[in-house]
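Just the one chain here, the form predicted on its own, laid out as structure tokens.
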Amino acid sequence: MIRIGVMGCGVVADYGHIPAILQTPGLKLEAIFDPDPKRLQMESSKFGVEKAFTNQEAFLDSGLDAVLVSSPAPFHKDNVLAAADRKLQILCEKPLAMEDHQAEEMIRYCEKAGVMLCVGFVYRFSRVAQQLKSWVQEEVVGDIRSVRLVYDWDLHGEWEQDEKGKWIKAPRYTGRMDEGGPMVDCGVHQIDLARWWLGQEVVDYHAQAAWVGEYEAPDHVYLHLNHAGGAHTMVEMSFSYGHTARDVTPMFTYDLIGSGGYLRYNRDGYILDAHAGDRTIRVPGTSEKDFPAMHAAFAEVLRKGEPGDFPQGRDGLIATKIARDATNEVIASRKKLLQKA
């Protein structure tokens, strides 16, 4: 039995990682860590985890084989390096780090320590992404030339009511915007998918954006990627699509256009099909993410002692660098325009 610990017991760990670990054969949730005693106690009671620590060192010394780092992004570097010092295998949430040089340091540190640094690109493991990967490899619609990936949503709203019923800025919304906005937070998944599906590196990229809110980062971003094999990817990401509305209708779609047809996924209705000439292939669609499948794959990585096709630190660095560079590009461009106005 592989003993795994969870560093950071926030929203994603609560609804995604911890339940998935508990249902994965071969994995044992040995311990959890969070500096917030209230949150730690809540997760410990909810999931029946006896070893619960507010002290990072005590957690890392509690008899683990591997750790999941699901803390806020600014803490990833410290968590990863501390785990590597204990020779623990690591699965880290995205974005890997706040700065590219930090991610580079994390990758080198883990390589020197002889431990794997895997990245939680959970979208890769959904049946939808896996099916699209198979169709691309089988050239069901020929050579893929154009990819269009859209995720426009409200990040659960910019405002929420506190315990006294007062409307306040939602910490989740402000936190994700302060960390870089939608392209850095969510867009890294789509960038990773495009590289993985096509098997082509990104050779250049540029972005355009809009500011609906008053944050430094844009809340609606359009990113264009040119791949080494000649394909083009467009990623559209938004946190302001209904962010102040009561009723929201998020959009989540994948379109892969090839020389002999197109592949399509729409989360609204879980539509997943391939259109190739006079032939249409329809298969059941599912959610765009699959935590149980990702942790099952991670368990296999740990058993074999080699990463295989599991996304690694370098994949996390590439996707985050593109997302952050593109975001910084449009921020700088907007500042110049405002200075001229």
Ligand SMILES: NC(=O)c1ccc[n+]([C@@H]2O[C@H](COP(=O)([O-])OP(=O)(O)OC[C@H]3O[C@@H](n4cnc5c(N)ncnc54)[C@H](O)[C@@H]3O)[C@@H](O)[C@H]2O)c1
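Keep in mind that what you see is a predicted model, and the values were worked out from it rather than measured. Heads up: residue numbers just count along the shown sequence, starting at 1.
The form predicted in complex with the named molecule is left out here; the points below concern that form.
Student: Which one, Ala194, Val235, Val122, Ala103, lies within 4.5 Å of the named molecule in the predicted complex by heavy atoms?
Tutor: Contact check passes for Val122.
Student: Under a 4.5 angstroms heavy atom criterion, identify the one residue in Gly242, Gly180, Gly261, Pro95 near the named molecule in the predicted complex.
Tutor: None of the other options qualify; the answer is Pro95.
Student: Given a 4.5 Å cut-off on heavy atoms, tell me which of 5-13, 329-337, 21-29, 314-322 is the interface stretch with the named molecule in the predicted complex.
Tutor: Only one stretch passes the 4.5 Å heavy-atom test: 5-13.
Student: Does any heavy atom of Asp152 come within 4.5 Å of a heavy atom of the named molecule in the predicted complex?
Tutor: Residue-level check for Asp152: no, no contact with the named molecule.
Student: Even though the named molecule is not shown here, does Asp36 get within 4.5 Å of it in the predicted complex, heavy atoms only?
Tutor: Residue-level check for Asp36: yes, a contact with the named molecule.
Student: Lys289: heavy atom within 4.5 Å of the named molecule in the predicted complex?
Tutor: Looking in the predicted complex, residue contacts with the named molecule include Lys289, since a heavy atom lies within 4.5 Å.
Student: Whether Phe75 contacts the named molecule in the predicted complex should be assessed with a 4.5 Å heavy atom distance threshold; does it?
Tutor: Yes.
Student: Note that the named molecule is not shown here; using its position in the predicted complex, name the residues of 184-204 with a heavy atom within 4.5 Å of it, in sequence order.
Tutor: Heavy-atom contacts to the named molecule in the predicted complex: Asp185, His189.
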